[in-house]
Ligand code: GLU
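Listed next as structure tokens is one chain, alone, in the form predicted alone.
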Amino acid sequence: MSDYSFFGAVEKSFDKAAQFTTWDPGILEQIKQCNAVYRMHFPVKIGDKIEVIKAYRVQHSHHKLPCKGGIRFALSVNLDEVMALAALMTYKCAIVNVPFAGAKGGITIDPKKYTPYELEKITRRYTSELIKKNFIGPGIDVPAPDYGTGEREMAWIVDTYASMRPGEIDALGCVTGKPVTQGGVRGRREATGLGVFYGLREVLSMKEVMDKIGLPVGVEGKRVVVQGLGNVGYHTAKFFQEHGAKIVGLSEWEGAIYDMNGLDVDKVVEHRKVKGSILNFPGSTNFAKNTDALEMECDILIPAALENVVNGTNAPNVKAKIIGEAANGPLTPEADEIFAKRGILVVPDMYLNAGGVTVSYFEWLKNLSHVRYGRMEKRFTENLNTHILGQIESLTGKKVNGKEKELILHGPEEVDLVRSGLEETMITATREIMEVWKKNPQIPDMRTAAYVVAINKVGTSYAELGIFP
């Protein structure tokens, strides 16, 4: 598969959808291209040697500002991948109505090979390279965590930015996914997994769609397989489990396990911490190889690791009725075509895993407004609710007790508001995509419908900007 181009696959999906739109070919060409590509090499002293580090930042579109997209640390990082992920970010933001354009960054290193001190040096140097070329800033380009990075790296980035731009009042908004103490937002960590859950839950609630694929409506009792137990996979599995689904299979790079009675996600994670592997988890059976989990009997398959795991070769063996793409680009275009023919519903990555960027948007707004969500209205809401409940109790002569009372009186915390905003975003986006698909039965699959929604929104932005005289 060495000739596989991830950016090529994104372009292929784009072209497939473009024919269902009425935009001028020139506008379509502009939407498709990456506007700015920055490839850099910089020296960092590691131990007593100097290492030359290779890194990238791609801004796919400038139809809105700032640009937005994660930074990955992985040996597999290359220009093709970063360009593809930047393009997906443009479409993702458009679909979920987050007013950013797409970008992506990456450093070609294996983060496990460096000490935290060395990683900090690399991250800070990368940030200063971005600052020099004006490739980062709250109104220019706002990075976030991705594969191989997290809150710690974002804290280093914001600190480097603030020290090189002294007195910039909105400096905290230069990056999202920060620790809460450094201007982060509560609910960011589980946001992508929760977004995947909300999106799939909405699809599962649509009777027409479920009838077509032969599944009952609702989350309860659904058999789910999750590939990848990182941040996204773990939270997705956890939310499904909490809402009555059965996690029947889990797969990680070291191997895969299954139990048709359901696996307890937290216990599997604990087991892995102790043993260094998910294999031999009590009560479960090991698969011969980790990719076997993708082909097991289940209702919903959720690939939540890396791209290109389901392709033309293994797609005919997949038995799931719904595939929820929690990772970016886990299916190749060949797999898409096979699933469309087999009547398997693919819920596409470009909107399904938009929980991260949606909550990043809330974090960015929080940084620009310099006030924590809920701070202004929490007490007011609680006082008002207490008063209303008091009135009802005195009029009816009945007391409301326990959990119910707590629920009614509870004023919104930051995390409640963030989750509620995310739920609204995912439900609206799901309905919008399904509406477009329903109106045009010629559209072959949900991914193409999602691209149509994205192309129309980005095209409208370009047209309204008057860029094309």
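Just so we're clear, the structure is a prediction, and the values are computed from it rather than from any experiment. Position 1 is the first residue in the sequence shown; the rest follow in order.
The same protein has a further form, the form predicted together with this ligand, not shown here; the description that follows concerns it.
This ligand is not drawn, but in the model of the complex it has a heavy atom within 4.5 Å of residue 92. Of the heavy atoms in residue 251, none are within 4.5 Å of this ligand in the model of the complex.
Contact annotation: residue 356 falls within 4.5 Å of this ligand in the model of the complex, judged by heavy atom distances. Residue 68 belongs to the set of residues with a heavy atom inside 4.5 Å of this ligand in the model of the complex. Residue in contact with this ligand in the model of the complex (any heavy atom within 4.5 Å), chosen from 129, 307, 146, 299: 146.
Only one listed stretch (113-121, 138-146, 202-210, 365-373) carries heavy atoms within 4.5 Å of this ligand in the model of the complex, and that stretch is 138-146. Residues from 99-113 that approach this ligand in the model of the complex with a non-hydrogen atom within 4.5 Å are limited to 104.
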